[in-house]
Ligand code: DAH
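First, one chain by itself in structure tokens, the form predicted on its own.
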């Protein structure tokens, strides 16, 4: 048979096609054309059935040898193409090990100064045995004013200070809380003395300038039992400010003031030094007002269902935004709420900077 006798030329043509293949797709097409079900070599293998025994003894080994050699040639060419593709990829995707490593998300991300300061404050008061309480941002007039001993005609109730909602059917109005003190009343109503807790959160007042924003953050503390007095209050404030500002000690000055929910009431100043735009707490000959406090008014205890003849205690409150500005040298309160990534990268904290009294609050 002529086809069988011309195997050398067929093999040479197929091997030439294998060598000429420049990619794996072309090489696979050559394989199918030669060894596929309808390939040239496969057709010759099918013709063995029509040959005589003597012809099969000669043609069989010849065709099987051709098939084996072509299979080896295809495998060798595929290996060469794979290696060449890898070399090209390595040359194209080479890494310059002298380039700086890109920061991971956890390294690039920043904790907002307010979140950091809140964690610092909670850590300090938790160490002194204070619990953490929260309440709703939308309050009733009763919890925001009446239960805290605000008279009906008090200026804080006016529209120019308070954000009111539309009146309800019965004429009453809900409002955005102007302080976190309502949490104190709500907590006292649902529990029993003694109480020792802080209640940080968002508050709202109609005001906006460099040191005031319509929405800001406060933290208030309350201690109620049968024997608490102003000496305890002064010690708590001194220990908190010393730990928060991370100084050896602080000196406080208490001035008489007025708050409807405390009696007596005091504004608290802390000794400081003013060096240009810098304020250093715990040194110098100047004073800075930092918070308000006092002994809880008997009317507030009555409103919460407690007997003022048996129980007494103290309360204090300060702005979280304000103490954050003082500690970390932030000049404008409005920047806290502008979502400027450049500002956050400058003043923000690493996600792994978890405040602790043992390791240092801001270390």
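Predicted model only: the values in this text are computed from it and were never measured. Residue numbers count along the first chain shown, from 1.
What follows is about the form predicted in complex with ligand DAH, which we do not show.
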Heavy atoms within 4.5 Å of ligand DAH in the predicted bound form: does residue 205 have any? yes
Taking heavy atoms and a 4.5 Å cut-off, does residue 294 contact ligand DAH in the predicted bound form? yes
Heavy atom to heavy atom, is residue 179 within 4.5 Å of ligand DAH in the predicted bound form? yes
Please tell me whether any heavy atom belonging to residue 195 falls inside 4.5 Å of a heavy atom of ligand DAH, as the geometry stands in the predicted bound form. no
Just one of 330-338, 309-317, 57-65, 37-45 has heavy atoms within 4.5 Å of ligand DAH in the predicted bound form; which? 309-317
Tell me, out of 130, 245, 259, 143, which residue has a non-hydrogen atom within 4.5 angstroms of ligand DAH in the predicted bound form. 259
Just to be sure I understand the contacts: of 149, 228, 218, 116, which is the one whose heavy atoms reach within 4.5 angstroms of ligand DAH in the predicted bound form? 218
For the stretch 58-91, I need every residue with any heavy atom inside 4.5 Å of ligand DAH in the predicted bound form, listed N to C. none
